[in-house]
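To begin, one chain is listed below as C-alpha cells, in the form predicted alone.
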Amino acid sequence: MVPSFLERLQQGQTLLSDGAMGTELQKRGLNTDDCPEEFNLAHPEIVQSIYSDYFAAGSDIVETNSFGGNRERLSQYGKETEVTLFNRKAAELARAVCPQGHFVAGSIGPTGAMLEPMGTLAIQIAYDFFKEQAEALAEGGVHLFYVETMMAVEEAEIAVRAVKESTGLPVVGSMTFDLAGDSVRTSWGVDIPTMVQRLSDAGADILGANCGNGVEVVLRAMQEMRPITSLPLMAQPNAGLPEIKDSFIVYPETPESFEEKMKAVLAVGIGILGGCCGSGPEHIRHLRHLINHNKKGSDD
C-alpha cells in the first residue's frame, strides 16, 4: 500500500510542497482587480497548468487555488455565494492531475476581517466560514489542509479547529512572522511558543511558517519551533522581499540562491519544504534537487 501523507512524515521523509499560486496566476493573466478563485471556473486550464507545472517540477504536495476562498474574502468581489463552487472546483482540478503517491492540500488563508472584540467578525461566524470552505475542498478531494499566512493566533486557532472538526483530515497550521529583535513575531505580536501551544491544542498535525520577508525569517522561526514541539514542521518562505522594477513586482531570490539559502532551513529538521510568493516551478525544481541530495547524503 502507498503510505499516507502523515505516515510519510512519521517515517522521517521531507516532502516537497509547491511555490506561489498568486504570482503564477499573475504571469498567466490574472489582473489586480480579478478574483483569483474565480479563475477555477473561468480559466480552469490556467489553474490546472500551474498545478501540473509544480508536479512536473517535483512537488509531492500542490496547494489548491483557494487561499482567499472564504465567504468574507469573496464578498469583496461580490462572490460570497460561490464558496462551495470555487473551492470544490479548485480541488477537483488539482486531483485530476495529481500523480499517484502525491497529495493535494486545500489552501485556507485569513478572512481579512478582525475578530471580536477588536473587530466586528464574531468567532462563531468565522468558524462557520472556515468550516464551509473546508467542507467544499474536502468534497473536491483534498488529502490535507494548509491553514496558512495567519497573523492573529485566535483566527488561526479557529481555522484549524474548524477544518479538523469538519473533515478529520491532516491540518498544517502556519503563520507569517517578522523579525522582532532576537526573536520572531507575527505583525499581531504572536511569538513562537504561543503559536506552538495554541495551534497544537487546536488540533494542528504540522506547524509551519510561510510567506514573510524571506528565507532568513522562516529559518529563525524553524529554529525556535524545533526545540519545543515534536510535531513535523513546514517551511515555505517568499523568494525574498518584493521589489518594484519597471512597474512590476519582482522577487530577488533566483532558483539557485533560493536553494542555497534553504540548505540551512532543511538542516533544522523539516517535514515539508516549499516556497511562497515569488517562487515558481523552477525554484521548486531546485528544492527537489536539494532534498534528493540531502537524502542521498544521509543514505551514504
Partner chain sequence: MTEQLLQYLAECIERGKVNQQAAYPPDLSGRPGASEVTRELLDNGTAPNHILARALMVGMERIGEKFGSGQAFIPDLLIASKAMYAAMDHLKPYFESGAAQHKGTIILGTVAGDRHDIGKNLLRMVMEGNGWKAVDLGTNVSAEQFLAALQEHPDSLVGLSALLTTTMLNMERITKAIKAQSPQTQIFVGGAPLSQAFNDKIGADGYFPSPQDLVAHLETS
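Residue numbers count along the first chain shown, from 1. For clarity, every value in this text was computed on a predicted model and none was experimentally measured.
What comes next is about the form predicted in complex with its partner chain, which is not displayed.
Residues with any non-hydrogen atom within 4.5 angstroms of its partner chain in the predicted bound form fall in just one of 63-71, 255-263, 240-248, 42-50: 240-248. Against its partner chain in the predicted bound form, the set Gly141, His143 and Gly203 makes no contact: no member has a heavy atom within 4.5 Å.
Though its partner chain is absent from this view, in the predicted bound form it lies within 4.5 Å of a heavy atom of just one residue from Thr84, Thr194, Ser166, Ser187, which is Ser187. Distance criterion of 4.5 Å from any heavy atom to its partner chain in the predicted bound form singles out Met114 from the list Ile125, Ile228, Val97, Met114.
Among heavy atoms of Leu121, none comes within 4.5 Å of its partner chain in the predicted bound form.
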